[in-house]
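Shown next are two forms of a single protein chain, provided one at a time as structure tokens under the names structure 1 and structure 2.
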Structure 1
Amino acid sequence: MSNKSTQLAAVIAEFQDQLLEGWLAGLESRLHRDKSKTIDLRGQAAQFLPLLAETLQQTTSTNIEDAGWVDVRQLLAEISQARVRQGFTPIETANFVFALKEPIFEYLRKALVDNPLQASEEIATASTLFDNLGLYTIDVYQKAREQIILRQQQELLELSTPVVQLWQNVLALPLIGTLDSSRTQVVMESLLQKIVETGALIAIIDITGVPTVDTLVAQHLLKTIAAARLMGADCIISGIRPQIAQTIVHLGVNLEDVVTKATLADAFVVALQRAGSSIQLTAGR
């Protein structure tokens, strides 16, 4: 869209106060769960209107991809990103722009009451402009939400793969849930970093909380064990339940050079022996 609106900027400049009130009324009616009280609608709208008028006056096009619209895009991007954090939906976010259409159209008709043809053309141009601006807010919203989701997933992965030091030279990595490629990478990085920090010789990987072990999970475990060995630490797998043992045998996964134990306690005893330590139990009095 390359045509320029000849009346839109003038209408916004002349009727800015009236447009602001009509716009705010429309915005508040479109927001659910009384979200209008959680944000500064008036401040955002009062900032957007004059910026929109200034942009329309200075640019020769209503194509929002043009360089002249960079300030408008930036403001809408900031508002859209804030809406994501505040729990708004994409439609509620886009309504920040869409709610302005009705009062704008009303004042365009009044300004061009003697020229219905031009009024129709101006309204069509304005409608397309606001549609594009609204779609832009949705696009920014979706990208911002995807970034938040990815960051939360990464944080959950890090929280779900704690590496703890059980004893001098002995680490434990309890795994809970499904072990996929992305999580394996986090597991491997966490374990290797802890090995470097502590100089541990033994790492116990406990899979008691892993619901199923298939070929892919087994391969992920072997990769982690191989990486740990390159760092000078040997690994023991604990939590091998009967059904998991049967599955591993059925899949033909080679774990012959890996020590496996049924429980974390059994693995800990082996780890202590390999680390040159022991625990002596004393009878209670």
Structure 2
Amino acid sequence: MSNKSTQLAAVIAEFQDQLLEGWLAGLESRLHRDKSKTIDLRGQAAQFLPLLAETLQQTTSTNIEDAGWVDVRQLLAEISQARVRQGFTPIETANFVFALKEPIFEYLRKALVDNPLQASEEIATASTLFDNLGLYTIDVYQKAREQIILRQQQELLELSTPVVQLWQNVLALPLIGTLDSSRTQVVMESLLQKIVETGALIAIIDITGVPTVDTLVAQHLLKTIAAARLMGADCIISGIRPQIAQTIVHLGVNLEDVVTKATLADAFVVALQRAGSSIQLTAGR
């Protein structure tokens, strides 16, 4: 038992139950009560401790980058990634490992009470090890967070430009949410691009889901319509709510040259006529 890490391993193996209780008490005091309830702290801790003991017994290295630590890293990574989704902060995530320090040091001191020199060495080694494990959880946390942000940005951009083909030669662009100029530019580009790709003759811009229209947004809409016309496609605006109609007139925006329809359905009928198709209700309806 001269090897430092095996001494640590021996302590963990021998006092596992006591360490677990001490660790959980520390964890719960550091976490918000409502948060600690939402996750299976006990289960995760009970899984981590024996794995740590086993790793320490099997490898003499305390460098967590080494191959012997792959299982520990894997488990910590899973826990940290889950913490991101559960809305934990990086500090709360790292505390999972850090909270284990105090009980471990306590039992190391007890086990090596006759050899204070070795005790301090063991504690220093263990401290570095847990610091590295804690930093590793932060690192994983950070990367998981970045990935989520990246994916959300992508999704937002795609969500914001849902150009759909309703019928042969007929496109629809249902706009939802606030339009700012950068988003409008993306919307405009993807509509025009889709017109080229599909050879659409007519595009319906539905603004039922747009809460407000200010002068700038109205100008952007008019520009999109003008650009589509230059390319050889017509646009219809549908879903104008009464408040928006009032705003448009009060702002002095001229929509006279633009075809507007109350609903997407009305606009669709007009679009079909222009595109040379028609809808007929079957008998009995």
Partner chain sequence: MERIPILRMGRLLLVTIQVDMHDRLAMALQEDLTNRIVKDRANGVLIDISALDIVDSFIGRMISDTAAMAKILDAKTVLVGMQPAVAITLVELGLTLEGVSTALNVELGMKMLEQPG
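Please read all numbers here as calculations on a predicted model, not as lab measurements. By convention here, residues take numbers in order along the sequence of structure 1, the first being 1. Between two forms, the rigid core is defined as the largest C-alpha subset superposing within 1.5 Å.
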- Query: So which is it, 1 or 2, that shows the form predicted in complex with the partner chain?
  - Reply: 2
- Answer yes if the Cα of Q57 shifts by 2 angstroms or more between structures 1 and 2 on a rigid-core superposition, and no otherwise. no
- Message: Checking N95 here: with the core superposed, does its CA move 2 Å or more between structures 1 and 2?
- Response: no
- Query: Superposing on the rigid core, does the Cα of F268 end up 2 Å or more away between structures 1 and 2?
  - Reply: yes
- Task: After lining up the core, report the Cα displacement of A218 between structures 1 and 2 in Å, one decimal place.
- Result: 16.9
